[in-house]
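Here you get one chain, nothing else, as structure tokens; it is the form predicted alone.
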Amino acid sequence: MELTTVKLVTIIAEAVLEERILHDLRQLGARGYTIGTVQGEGTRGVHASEWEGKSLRIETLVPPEVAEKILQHLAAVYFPHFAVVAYVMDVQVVRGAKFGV
């Protein structure tokens, strides 16, 4: 079995941003994503989204260059104005072509 290394980009964001972020991910080259609701506590204390519902965890598997575009976009557009956290990890997948590699 052949494994291919790709980037797992994880975004934790206010639920109100769901459609905007998903649109951006598609435009930046992500071929798919997984979404789940999450809860937790961070350095900012209570977020406005806590009155609207839980936060979202959005995950996408992408090539390194797409991961870089996504992180740059999030930093420029969302970080200054919203409760958004993003991180990236190397993961190995079967069927790397499915993820654009």
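Treat the numbers as computed from the prediction; the structure is a model and nothing was measured. Numbers for residues come from their place in the sequence shown, where the first is 1.
The following text describes the form predicted in complex with a further copy of the same chain, which does not appear among the structures shown.
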Discussion item. Check Q27 for me: does it contact a further copy of the same chain in the predicted bound form (non-hydrogen atoms, 4.5 angstroms)?
Written reply: no
Is there a non-hydrogen atom of L8 within 4.5 angstroms of a non-hydrogen atom of a further copy of the same chain in the predicted bound form?
-> yes
- Though only this chain appears here, would V62 touch a further copy of the same chain in the predicted bound form if you measure heavy atom gaps against 4.5 Å? no
Within 64 to 101, the residues having any heavy atom within 4.5 Å of a further copy of the same chain in the predicted bound form are E68, L71, Q72, A75, F79, V84, V85, A86, Y87, V88, M89, D90, V91, Q92, V93, V94, R95, K98, F99
